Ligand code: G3H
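Let's start with one chain on its own, the form predicted alone, as structure tokens.
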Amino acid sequence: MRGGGRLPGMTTLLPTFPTHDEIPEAARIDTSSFERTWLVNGEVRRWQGPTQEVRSPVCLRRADGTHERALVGHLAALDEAAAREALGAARRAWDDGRGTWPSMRVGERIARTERFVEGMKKVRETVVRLLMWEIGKTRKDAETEFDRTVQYIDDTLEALKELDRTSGRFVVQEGFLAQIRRSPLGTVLCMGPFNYPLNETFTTLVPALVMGNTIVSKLPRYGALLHLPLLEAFAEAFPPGVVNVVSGDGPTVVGPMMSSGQIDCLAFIGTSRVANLLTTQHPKPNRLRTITGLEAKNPAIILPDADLDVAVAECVGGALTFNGQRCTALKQIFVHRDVADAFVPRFAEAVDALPAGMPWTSGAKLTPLPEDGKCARLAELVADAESHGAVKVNRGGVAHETFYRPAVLHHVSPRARLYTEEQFGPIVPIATFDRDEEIDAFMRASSYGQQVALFGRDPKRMAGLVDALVNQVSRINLNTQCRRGPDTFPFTGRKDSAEGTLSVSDALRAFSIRAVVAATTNEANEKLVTDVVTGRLSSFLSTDFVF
């Protein structure tokens, strides 16, 4: 990806893919120094076996007008033996809870993680460019994802300090003296998604790590290369085997680890189908803790008295930020029949006005899609909806290589796949409703229960919908789009949308278990505990205050 030249401009509907020489200097990437690497037992190794090509959603235009997805680099296609070696390293570092890391004082674990963050910051620009090239994320969004991840780590460490301070005191009850703290679970397999490959991987990896667990991180199919510049920072900050990073075919790499029974916790963000497949591979699922973030079909509800300026703006952003490739995206809009004729044209016009371009194009809101065959699948969903009476009301629904212009479909029938199936891409299905009970019925029948967005101004009506839906979803957004943040808020879902709760503080608890050291209250035991604590003889039984 060498050369200079002008930056192609944005077009109204479809972007112009660049030639090799038109790639701007600020977007170029060279992966030769870190491609094919993986991390095992504290050592960054270069894999000598088979590799996988990493192709960008960005296509390069040849002189004859044809296109080819740009080659970004090569990823190690590890085999079963390598996967078992990584798991073995993590198990040795755990050492039945007696390893250096799980036995380490909280303050030192925090210091090691802060050291990692300093190393992470040094490769920010490389990671940002890889986010653009690997998954088509705009530069602005890529920078935000990196910076938000750093902030998430900082916030997690502050939350850990507070958790440790709270649990550092002793309690005396019913003749017992006790200290209740949190201890790690064991070895955690972390598997992040492609849409937020850095941030959402780290929202499970980091809290699991700082609580004293050892980690095997399996990189996602898309968005894997961007993790490789971070391997050196992991190796320098943490003891050997505490963090291991692997890549390759899921059944080859993940299957043997799960079937070994040596994974104590699965942290997975993806689909419920894959989550179910993984958990059933474990020989003792009762011993496996699972923390998952899965699919969703979050609806927006436009009530008759909604502020349409707010509703249109929030629904466009909610449905199509990062091309709609977010679990928290608005994937279904219900508009009341009384305002449908006003809302739908304005929404369709706003969608058609979204500028398209390459990830590095200033102002671009729509970019190419990373998944193989995605445009064809989206076209199938549109055709199916149209066969059941839906009408396309904008100029979208057209594709160019890996780019798909968002389609807005009105009158989407319950018989259409789009009505219940998560599209995870730039299609916006709209249905009309007359009675609020129809919304309640939709959510009750849905396989998913993550979030809902309500747009309206009548307090009584809004309150009624809140009460009807609060036990169907895990977050209700009033006059704003669905979202994950702030990271201090609980993030979870019901039904097939999630298992376990993630937020800065909740995640620390999710990846640990409460443990108690207790003694009957008498002079001898009080002296024993005092000697242990004042002599700082135990990492667990301690009143250390972490600043």
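These numbers were taken from a predicted model, which means no experiment stands behind them. When you see a residue number, it is the position in the sequence shown, counting from 1.
There is another form of the same protein, the form predicted in complex with this ligand; it is not shown, and what comes next is about it.
- Within 4.5 Å of any heavy atom of this ligand in the predicted complex lies no heavy atom of R461.
- Taking the partner from elsewhere, R483 is found to have a heavy atom lying within 4.5 Å of this ligand in the predicted complex.
- For the chain shown alone, V216 is not a contact residue for this ligand in the predicted complex, no non-hydrogen atom being within 4.5 angstroms.
- In the predicted complex, this ligand lies farther than 4.5 Å from every heavy atom of V428.
- In terms of contact with this ligand in the predicted complex, the residue from T328, T156, T201, T149 that brings a heavy atom within 4.5 Å is T328.
- Comment: this ligand is not present in this chain, but in the predicted complex one of F455, Y196, F347, Y404 has a heavy atom within 4.5 Å of it, namely Y196.
- Contact annotation: this ligand lies within 4.5 Å of heavy atoms from the stretch 483 to 491 in the predicted complex, the single such stretch among 497 to 505, 512 to 520, 64 to 72, 483 to 491.
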